[in-house]
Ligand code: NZQ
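Next up: just one chain, as structure tokens, the form predicted on its own.
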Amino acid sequence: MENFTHYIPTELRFGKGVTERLPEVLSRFGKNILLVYGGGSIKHNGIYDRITSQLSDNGFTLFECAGVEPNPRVSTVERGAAICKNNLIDAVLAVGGGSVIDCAKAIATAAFNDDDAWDMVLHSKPGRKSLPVITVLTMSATGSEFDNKGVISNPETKEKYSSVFSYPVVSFCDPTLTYSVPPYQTACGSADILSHAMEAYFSRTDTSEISDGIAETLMRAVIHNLPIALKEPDNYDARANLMWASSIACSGIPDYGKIYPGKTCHAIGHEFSAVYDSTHGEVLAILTPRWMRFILTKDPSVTSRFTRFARRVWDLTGEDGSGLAFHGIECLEQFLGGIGIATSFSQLGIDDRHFTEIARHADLRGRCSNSFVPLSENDVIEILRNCL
């Protein structure tokens, strides 16, 4: 088991009705608040009216940065930072899913940064000065409510990069706010949770039993609760388990005690979405089983990790070996094929014309070549073609 440092300073308030304390929490930081949100779903489901009424009734002045994209753009970061600088913003309130929260983190940091915003994204500097970020989570997916990272896109350069910003100071996680999330988005978000857990799980370190057990529990929780949430959108326990799984899966906790295995599918998926502007979780659902099949075939030394995955996550039995390992992957494919999202790139109308470009960008700073099973640029291209 490897050394690790635990540091998650976010105060996380979880459960029904926790946002009733939002005005009290925001008052710690000041009265000028930048409200960051996405395409308007929070207006349709009533969350926007509820929160803005709460804050206006308690003497807060709200400024808005609306229209955050599903793959948040650096131009939106620049727009939000300008609002902060021009209006002496005291805190940034992100109401939405991972994209909104990622963008809010970048805005809060850019408010103290006079450099080019894309340079800020590319050059991660932990501990940079930032406005306080408070989040109200409305979708279970990325875990951005409980970590210090944010993924920002640059359409001009066709790049999408995960950078280090600051942790939210407080995150409000009320599972009832996810009742109105459509089945497609619920499924895509859950695929993202699974991917985070799997990428922590597939590691060369076999002696971190607690972290492995946490990752296995996260995967089993998604596999059990997603079908319930799709069938019964207002099932509180299913939504609550998915929401808590989202926070833990990307918190770093499932990585503790391990040689960092890299986030290969996320690295490829980020660059894919930068080119095609596709839904992140859906891309991961297509990529992950193909990545698994490819690395298991390329490097049989990882078979034991896959057989553990088959036994502990899918309750499969049989002799250890490639047969059991591939059976576990088949179970994952069957599960992902039954949740109402695409299972191939061709279903999304995507061909292979940009695959070389995606593969080249995916290995920025060794994200693929230093992973669980090292991948060359040609390996990544082959995995992408297997997804067609």
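It should be emphasised that the depicted structure is a prediction, and the values quoted were computed from it without experimental measurement. Residue positions are given as counts along the sequence shown, with the first one as 1.
Omitted from view is the form predicted together with 5,6-dihydroxy-NADP (NZQ), to which the following refers.
Asks: Does any part of Gly323 reach within 4.5 Å of 5,6-dihydroxy-NADP (NZQ) in the model of the complex? Heavy atoms only, please.
Replies: Although 5,6-dihydroxy-NADP (NZQ) is absent here, Gly323 would stay clear of it in the model of the complex, with no heavy atoms inside 4.5 Å.
Asks: Can you work out whether Gly349 and 5,6-dihydroxy-NADP (NZQ) are in contact in the model of the complex, taking contact to mean some heavy atom pair no more than 4.5 Å apart?
Replies: No.
Asks: Check Lys149 for me: does it contact 5,6-dihydroxy-NADP (NZQ) in the model of the complex (non-hydrogen atoms, 4.5 angstroms)?
Replies: Yes, Lys149 sits close enough to 5,6-dihydroxy-NADP (NZQ) in the model of the complex that at least one of its heavy atoms falls within 4.5 Å.
Asks: With a 4.5 Å heavy atom cut-off, would you call Ser41 a contact of 5,6-dihydroxy-NADP (NZQ) in the model of the complex?
Replies: Contact check for Ser41: yes, within 4.5 Å of 5,6-dihydroxy-NADP (NZQ) in the model of the complex.
Asks: Among 230-238, 134-142, 213-221, 293-301, mark the stretch whose residues have heavy atoms within 4.5 Å of 5,6-dihydroxy-NADP (NZQ) in the model of the complex.
Replies: Heavy atoms within 4.5 Å of 5,6-dihydroxy-NADP (NZQ) in the model of the complex occur in 134-142.
Asks: So 5,6-dihydroxy-NADP (NZQ) isn't shown here. In the model of the complex, which residue out of Val181, Val275, Ile248, Cys84 has a non-hydrogen atom within 4.5 Å of it?
Replies: Contact residue from the list: Val181.
Asks: Looking at 5,6-dihydroxy-NADP (NZQ) in the model of the complex, which residues in 94-111 have at least one heavy atom within 4.5 Å of it?
Replies: If the 4.5 Å heavy-atom criterion is applied to 5,6-dihydroxy-NADP (NZQ) in the model of the complex, 94-111 yields Gly97, Gly98, Ser99, Val100, Asp102, Lys105.
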